[in-house]
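For this one, two forms of the same chain are given in structure tokens, first as structure 1 and then as structure 2.
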Structure 1
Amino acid sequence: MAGFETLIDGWDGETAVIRRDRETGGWIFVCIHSTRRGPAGGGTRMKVYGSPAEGLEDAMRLSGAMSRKLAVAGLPFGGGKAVIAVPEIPRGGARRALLLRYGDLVASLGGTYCTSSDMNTDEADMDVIWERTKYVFGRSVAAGGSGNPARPTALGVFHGIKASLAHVDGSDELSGRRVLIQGAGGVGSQLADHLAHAGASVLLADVDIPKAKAVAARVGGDAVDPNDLLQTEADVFSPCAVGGVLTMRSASQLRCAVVAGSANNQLAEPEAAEVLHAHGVLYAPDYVINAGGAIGVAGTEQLGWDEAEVNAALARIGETLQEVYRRSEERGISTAAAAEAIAEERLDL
């Protein structure tokens, strides 16, 4: 594993802030990848890493992904990410004290970085950080924030699925279509509601089988064994559980016309996007279709949008995907490569 010096030297971002947190024995990294389009936005991940350098590397990689996501979503924000690398995940008073120290660090950056929640941090943590800085979004509704972003994320994915179907065969009609959702959690279950309401047949696969069955019963769909995803025929496969579901092998075996879901980092290997392209499976790039949470939270808490403005911005996820698909066709490149090209143009990379 490379040290801090090598990592920073090889990174294409603007600023990396490194703070030793002696009280917990941890490290805090705030990586501001780009402020070209506005203040850098991106969540705070709290995690136990094998070494501090791994935490820095994660923050750098994730901050670049945020620049792309927010640029393609057309939001006036750059990309950033923070990692709090701890020897163990703190609870209670130690957690609160750490978050207050972290809030002071974010405040000291003067608004060049705005944080939100990510792995192992939630809206209650954002409320604590808010005590020290206004540069935080994703606070609880009780504290004046917009709460859990799963609702706008699910609605954005719903628009993305319709746009993808329209691209495949000219109709965004959902009745008579089968959609297989992996993950019946916050996003997957609300997506199931939208799809069923629009007339689709919904199949749900979750490692928590009773959860999949409960959501399936609620929407009049069926639960599917989570090990049978590759054997299950559907018009759309919607990964809404974990990253890494698309390998070169699984991409060649999927029995669907469209892959369109909320999970982050769906491509386990970048070449899987080429395999999907070669097999005629339309892939909605994850960071394009799952931007609804960022749009909802940033729109409501930072840009002062009302519900109608947020909903209009979520519907534009479908239009953005259509642009990605057009470009993929025109240039004969994968949809992942087309999205990357749009991001690079908007970020002037």
Structure 2
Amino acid sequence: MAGFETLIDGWDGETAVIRRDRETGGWIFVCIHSTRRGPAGGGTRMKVYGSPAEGLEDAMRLSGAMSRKLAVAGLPFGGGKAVIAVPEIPRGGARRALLLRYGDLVASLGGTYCTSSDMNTDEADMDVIWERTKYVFGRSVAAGGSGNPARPTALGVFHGIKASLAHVDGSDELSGRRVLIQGAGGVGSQLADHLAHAGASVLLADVDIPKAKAVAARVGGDAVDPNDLLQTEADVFSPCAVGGVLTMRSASQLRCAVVAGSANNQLAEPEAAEVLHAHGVLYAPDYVINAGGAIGVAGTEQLGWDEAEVNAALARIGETLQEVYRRSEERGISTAAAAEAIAEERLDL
């Protein structure tokens, strides 16, 4: 694994802030990839890593994805990401103290970075950070925020699935379609509700099998063994759990027409996008289809949008995907390459 110096030398971002948190034995990394469109926005991920360098690398990679996500979504923000790399996930008073120290660090950046929740952080954590800095969104409704971003994320993915199906065969009708959701957590569970309500047959897979069965039972669907994902036929495969699910090998084995889900960094290898393209599987680039959370919290708390404006912006995720698909076909390139081209154009503004 490369060290800090090598990682920073090879990174195309603007600023990397590295702080040793001696109280926990952990590290805090704040990576500001771009401020060309406005202050950098991105979540705070708390995770146990094999080494501090892995945490920094994760923050760098995710911050670049946020630049592309926010640019393609048309939001007036640049991209950033924070990683709190800890020996173990803290609870109680130790967690609160860590978040307050982190809030002081965010405040010291003077508004160049605004944060929200991510893996292993939630709206309650954002409320704590808010005690030390105003540069935070995704707080609880009780604290004046927009609450958990899972709802707008799921709704945005729902619109993206409809747009993807319409591109494949001319109809966005969900009745009778089979959608396989990987991940029965906050986004996957709510997405299942939207799909079932629209008439889709929902399949749920999760490493927590009882959770998958519970969500499937609630929506009248079926649970699938997570080891059987590649063998399960569906119209849509919707990754809504961890990233890296699409390797070159798995991309060639999927039995679906569309890949459209909320997970970040779905492509374990960039070349997997080309494999999907070659096999005629339509891939909705993750940072395009999963932008609903960012749209919801930023629109509500930073831009002053009401619910109707937020919902209209979420529906436009489908329109953005249609633009990606048109460009992919016109240029004979993968949808991932088409989305990258759009992002680069908007980042150059």
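Sequence positions of structure 1, starting at 1, serve as the residue numbers. What you see is a predicted model, and the numbers here were worked out from it, not measured in a lab. By rigid core we mean the largest C-alpha set that fits within 1.5 Å across both forms.
* To do: Choose the one of the two that is the form predicted on its own.
  => Between the two, the form predicted on its own is shown as structure 2, not structure 1.
* Given a two-part rigid split of the chain between structures 1 and 2, flag whether Arg331 and Gly188 are grouped together. => Yes, both residues sit in one rigid part.
* Hinge rotation between structures 1 and 2 - smaller rigid part turning relative to the larger, in degrees -> That works out to a rotation of 11 degrees.
* Keeping the rigid core fixed, work out how far the Cα of Gly93 travels between structures 1 and 2, to one decimal in Å. => For Gly93, the C-alpha ends up 4.3 Å from its position in the other form.
* Quote the shift of the Cα of Ala82 between structures 1 and 2 to one decimal place in Å, the two forms being superposed on the rigid core. => Its alpha carbon moves by 2.8 Å.
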